[in-house]
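First, one chain by itself: the form predicted on its own, in structure tokens.
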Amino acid sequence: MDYMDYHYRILIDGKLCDPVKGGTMDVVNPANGKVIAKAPRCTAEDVDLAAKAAQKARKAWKNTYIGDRANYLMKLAELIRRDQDLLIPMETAQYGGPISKTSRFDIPSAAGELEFMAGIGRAVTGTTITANPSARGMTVLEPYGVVGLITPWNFPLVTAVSKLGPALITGNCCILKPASCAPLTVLKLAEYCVEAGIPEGVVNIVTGPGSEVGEAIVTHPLVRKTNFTGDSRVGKRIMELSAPMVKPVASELGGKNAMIVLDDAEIDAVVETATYSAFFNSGQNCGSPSRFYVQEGIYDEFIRRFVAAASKITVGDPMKPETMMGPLAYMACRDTAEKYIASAKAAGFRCLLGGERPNTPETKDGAYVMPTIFEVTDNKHELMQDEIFAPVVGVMKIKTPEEGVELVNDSRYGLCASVWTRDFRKGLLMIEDIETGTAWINQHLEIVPETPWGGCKESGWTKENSVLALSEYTYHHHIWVSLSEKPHTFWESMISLD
């Protein structure tokens, strides 16, 4: 497929169309810096049209039989699987994730997310409350109506459908905005929504800058809730914009994730997982560990083997099947990573691996940074406190498990962490003291549709995946039914009714 010649269109009110003002924006391949496509550049006018279309469709969609809503999700999954050979290279080209990743994870997982939500959404129930013998109370889960979904660039299609699936199955109409730098596969999803026959106005997809299109979605009076995945700075901005309207915001934000490695850890397992999870997708994963706290008895061996394993990572053209790590998503990401590398060197931390760009003909024009490992002595340094979102990590020596937990919690983030030990009792007790939304023992970065994902502190409070994701798109509507012929009031003996 020639991405440059293809006419990408947004989706509003069931129709594929161009933005009102007809603008476009460049989509750049981060592997070589070349423009590969022109995507629609929407404005607040397009958001207004989308919101009005969603508002018009919301009642009929809410009253659509949930089995029929599930069938639409299954049809979308079927179309994604049908076109996976087209979507896989498109996903790689727009944000640089190696094709070995997009073919094995991104595109299959997008279909799997929709299939999972189609299944569990049909089992949603309310409750019956018998607190009063002369009445019955019940709760019904109601959709918000119109929800705004703002998604990131590091997993473009799968993060979009991980929000779209639960929003639709629970009866909401949606306005979906993908990241400006990687919108292509979500624009293809717009075409699939039309092909699947999803009713007009139920799904609307717009593209454009977050500062204009994203803020227009958040502040639109017809949008009842926003669900956002991205960095904490933007998440705070969305909360600020939503506060005057007391509009709820679901937020899956940044992370500064840690691995604690104790002396009795299985060294082969921890090194393999550390290498994979830290540098998978070039470290551009909100769950990737970038802080390693290693007990002194195993420290030297871990350092030696971690550096040796990371040095074998194949960095290069993400379109090649043998490539393990491609570029960062765009040049500004590379520049940010290099700023932190320079800061760590200035602080006197020993660079054990990397710290530079790869110097090959196929990488010279791309947003590449080599896998980088620092030996760190100060947990307060920005290398250990800020989310870099790049293949740059720090390793510190610890004396005790308690010290490791204390250092993990010494962070404004609280997304995920892991503990590595053969002593499961010790590991479980440590995890109970760790302030994160997800914690693993002898595993890291295992995220599947069946288990919840989301953090605490500045990592936000949303839960993606699992049955808990459904609660992000519904509210409890309490209904009271009196069974008594005569209503009870505190004035009943004081008022005579003729």
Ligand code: NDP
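All values reported here derive from a predicted model rather than from experimental measurement. Numbering starts at 1 and runs along the sequence shown.
One more form of this protein should be noted, the form predicted together with the ligand, which is absent from this view; the next part is about it.
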Hey, in the predicted bound form, does residue 353 get a heavy atom within 4.5 angstroms of the ligand? no
Even though the ligand is not shown here, does residue 165 get within 4.5 Å of it in the predicted bound form, heavy atoms only? no
Indicate whether the ligand has at least one heavy atom within 4.5 Å of a heavy atom of residue 151 in the predicted bound form. yes
With a cut-off of 4.5 Å between heavy atoms, is residue 178 one of the residues that contacts the ligand in the predicted bound form? yes
In the predicted bound form, which of the stretches 251-259, 355-363, 274-282, 306-314 has residues with heavy atoms within 4.5 Å of the ligand? 251-259
Interface residue in the predicted bound form among 229, 372, 172, 94, criterion: non-hydrogen atom within 4.5 angstroms of the ligand: 229
Tell me, which of 403, 264, 378, 215 has a heavy atom within 4.5 angstroms of the ligand in the predicted bound form? 215
With the partner left out here, if you bring back the ligand in the predicted bound form, are 8, 23 and 198 all within 4.5 Å of it by some heavy atom? no
Of 442-480, which residues get within 4.5 Å of the ligand in the predicted bound form if you count heavy atoms? 453
